[in-house]
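So this first bit is one chain, no partners, the form predicted on its own, shown in structure tokens.
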Amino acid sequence: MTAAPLFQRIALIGFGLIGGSIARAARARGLAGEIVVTARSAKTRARVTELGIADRVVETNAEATDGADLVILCIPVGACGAVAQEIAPHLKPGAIVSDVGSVKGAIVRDMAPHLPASIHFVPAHPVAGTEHSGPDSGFAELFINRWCILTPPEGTDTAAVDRLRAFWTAIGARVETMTPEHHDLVLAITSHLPHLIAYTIVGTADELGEVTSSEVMKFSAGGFRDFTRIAASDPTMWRDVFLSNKDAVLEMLGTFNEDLSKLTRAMRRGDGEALFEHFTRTRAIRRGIVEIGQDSAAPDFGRLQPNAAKKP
């Protein structure tokens, strides 16, 4: 725990996997004097109160924002502009306003025009998550050794950026700074396109009349199971992601289709050498991800290990 909290009051607007994990991590490490939470659903607010994670649970975004030193929007990208407009009159001068969306160009475009010059706007994207959502899904260790990308608009106060960097570092993340445009291009290939492919493959399996639903589930190999995990992600969030970052995703999708066509031609021609070369190159990328600690090399294919500890 830190000797003194980085922020006297943190306001979290929205309380799903990311918001809940931020609250748990900030409390565990003593990074906030007070954590104030709100959520659109009364049911969610009641559950947060039951969990006892926040110091206060309030009904409105304006009430949560009042007096906060750090305000983090943990809501779908498509809702951020309207919420920024709503909370703008209630923001404390000098406060840092941030978010957790996986699209940054749209966030800057939709939020910045509403925010007063007296605050510091530092968009962020913690590249961490699971397929689960809701107030019970968060856990304090979610961000450990995962990247959080900050995309401050040009001219943002560097001290505010450093302060937010210190916050994310304190809850375990590795922090990188880049422009919103570059972020969206990188995430289009590393996150958005894989989700689009996963939704497509799982949807295709569902539509195959000659393969029954029970067979798809019974004979799911590791690859298909991983696709179903990804495709189980929050549909509202991903709808907003694809609409907000459509240019970058479409660009990456075009490149992907070209590569897919090359593999299709190789199979038709019986060109084993081309297939082997491609698979060897992609295998090296997987090894690189494991080597930098962004995944485990354990060959479980989504299966629990026999001796794995069970949750109580």
Ligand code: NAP
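The structure presented is a predicted model; accordingly, all values stated were derived computationally and were not measured. All residue numbers refer to positions in the sequence shown, first residue = 1.
From this point on, the text means the form predicted in complex with this ligand, which you will not see here.
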- Task: Select, from the options 150-158, 198-206, 89-97, 125-133, the stretch whose residues sit within 4.5 angstroms of this ligand in the predicted bound form by heavy atom distance.
- Result: 125-133
- Item | in the predicted bound form, residue 246 touching this ligand (heavy atom, 4.5 Å) | no
- Task: Report whether the minimum heavy atom distance between residue 39 and this ligand in the predicted bound form is within 4.5 Å.
- Result: yes
- Message: Please tell me whether any heavy atom belonging to residue 74 falls inside 4.5 Å of a heavy atom of this ligand, as the geometry stands in the predicted bound form.
- Response: yes
- 4.5 Å heavy atom contact, residue 79 to this ligand in the predicted bound form: yes
- Ok, 108, 140, 237, 231: which has a heavy atom sitting within 4.5 Å of this ligand in the predicted bound form? 237
- Item | Heavy atom within 4.5 Å of this ligand in the predicted bound form - qualifying residues of 91-106 | 100, 101, 102
